[in-house]
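As a starting point, one isolated chain is supplied in structure tokens, in the form predicted alone.
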Amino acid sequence: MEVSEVSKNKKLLIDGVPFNVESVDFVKPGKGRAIYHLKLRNLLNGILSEPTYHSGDKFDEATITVRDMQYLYEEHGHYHFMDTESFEQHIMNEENVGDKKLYLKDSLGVQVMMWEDRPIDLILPKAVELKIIETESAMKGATVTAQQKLARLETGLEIGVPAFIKEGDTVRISTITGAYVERVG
């Protein structure tokens, strides 16, 4: 694949390491070859880099597969998942899971990106349901105001919730924005 064909979210294999393209900026100077500034995320360690390439440079596309898995548990910074088809277990380290760990709950269905049979990234469902374990008590008149208060969820995630939410409630959280969506129980 030539650099001019690279676009956001393409998976490239550079020096034997898979990268996700976060962004592409293109500059055509008056003279010489076009310049491409890529923002690349290393899919093995999560480190971001911003190399520059010129028109004509070529890459191999990384072969990434996506598998449906179920989150099992975390132990000493290692996150265990089970393939829902083969029942094979896979382990991801904390660097690969990143802040997505704050949405992981036992038995949650997720998709795992695999490279050479190695789990490298998670795709969370668009929303998850988590229980409130700590928040301030309900405020008087809370149903008519748009005030929010801080709440801690069962996974350690802290979010702003409407004032009428209380400890023990289950709420739906967007994994895209990290914001409260609705109370579900």
Partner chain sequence: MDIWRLSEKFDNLKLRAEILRLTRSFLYSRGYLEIETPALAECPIPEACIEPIETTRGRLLPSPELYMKQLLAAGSGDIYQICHSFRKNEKGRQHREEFTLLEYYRVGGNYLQLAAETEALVIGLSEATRNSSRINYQGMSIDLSPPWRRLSVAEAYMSACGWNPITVDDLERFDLDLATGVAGLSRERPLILYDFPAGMASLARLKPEDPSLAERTEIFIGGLEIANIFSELTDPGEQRKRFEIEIKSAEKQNRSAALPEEFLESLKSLPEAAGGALGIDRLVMLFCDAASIDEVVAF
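Numbering follows the first chain given and starts at 1. All of these numbers come straight from a predicted model, not from anything done at the bench.
Keep in mind the form predicted together with the partner chain is missing from the figure; the text below concerns it.
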Problem set entry | Candidate stretches 121-129, 153-161, 58-66, 24-32, one within 4.5 Å of the partner chain in the predicted bound form by heavy atom | 24-32
Exercise. Heavy atom within 4.5 Å of the partner chain in the predicted bound form: which of 49, 147, 45, 52?
Worked result: 52
Problem set entry | Interface membership of residue 37, the partner chain in the predicted bound form, 4.5 Å heavy atom rule | yes
